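Given as structure tokens, the chain that follows is alone and in the form predicted on its own.
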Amino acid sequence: MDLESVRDSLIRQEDTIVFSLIERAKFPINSWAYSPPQNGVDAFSASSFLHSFVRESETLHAKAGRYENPEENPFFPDDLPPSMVPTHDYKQVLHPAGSSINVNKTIWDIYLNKLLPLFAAEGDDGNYGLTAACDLACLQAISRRIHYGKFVAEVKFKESPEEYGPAIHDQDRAGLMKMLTFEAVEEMVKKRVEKKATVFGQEVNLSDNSKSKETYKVDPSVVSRLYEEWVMPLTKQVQVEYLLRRLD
């Protein structure tokens, strides 16, 4: 694994995220799926329909060996059953002290309370099962992309250990964050995902009327905002947390 292969994976994951959002946008909010009991419990801990759907899905996926792959991070990692499929010898790329970093609780909160209202229409069509399945696909795609920061951090550290070493020894979070921030690259990523959302999500019109208003299944600016406000900052947060443990 090198920086080029990591970048290629991150670019491919952009496609997955855009397509998952497009699929979810077929359904309205369907807020019943997220309604917790009226007991003041936060959404991640409450026993909503989506909560149960994701838990049960992850149980099945664990039996199928999904979480043996170090690229996968479950939302509910406690008490997952062991894999029932033959064990694959995944190459141990990540440092053990940082491999268990998991920010899925934050991702869950952002998705339900900030992102979903930006692109899902108001209303309720009763398709709660299909809605939850699309939510799960979105959550998994976004989670995989953000947690891939662990691999990014490992590759960057191995390429320049002398550059990161002093900040790690000093446990300098701000210094590491500054070293990991490249505004020109982030601007390019924002433009690329917005362009992908424009291309993948446009309504195809065979009419020659060039004056017809372009419409999109998901507003491209929402995808750009997703990356700017949540995906890239959380990815860097994961990188910092990983690097802080890299010399443990």
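Start at 1 and count along the sequence shown; that's the residue number. This structure is a prediction, so every number in the text was calculated from the model and none was measured.
Although not depicted, the form predicted in complex with a further copy of the same chain is the subject of the following passage.
Contact between D109 and a further copy of the same chain in the predicted bound form is not found at the 4.5 Å heavy atom cutoff. For the chain shown alone, L130 is a contact residue for a further copy of the same chain in the predicted bound form, at least one non-hydrogen atom being within 4.5 angstroms. In the predicted bound form, a further copy of the same chain sits beyond 4.5 Å of every heavy atom of D172. Proximity of D15 to a further copy of the same chain in the predicted bound form falls within the 4.5 Å heavy atom cutoff. The three marked residues, L3, A121 and W230, fail to reach a further copy of the same chain in the predicted bound form, with no heavy atom of any inside 4.5 Å. A single residue from the set T181, N69, S35, T215 has any heavy atom within 4.5 angstroms of a further copy of the same chain in the predicted bound form; that residue is N69. In the predicted bound form, A64, R66, N69, E72, M84, V85, P86, H88, Y90 are the residues of 64-100 with at least one heavy atom within 4.5 Å of a further copy of the same chain, listed from first to last.
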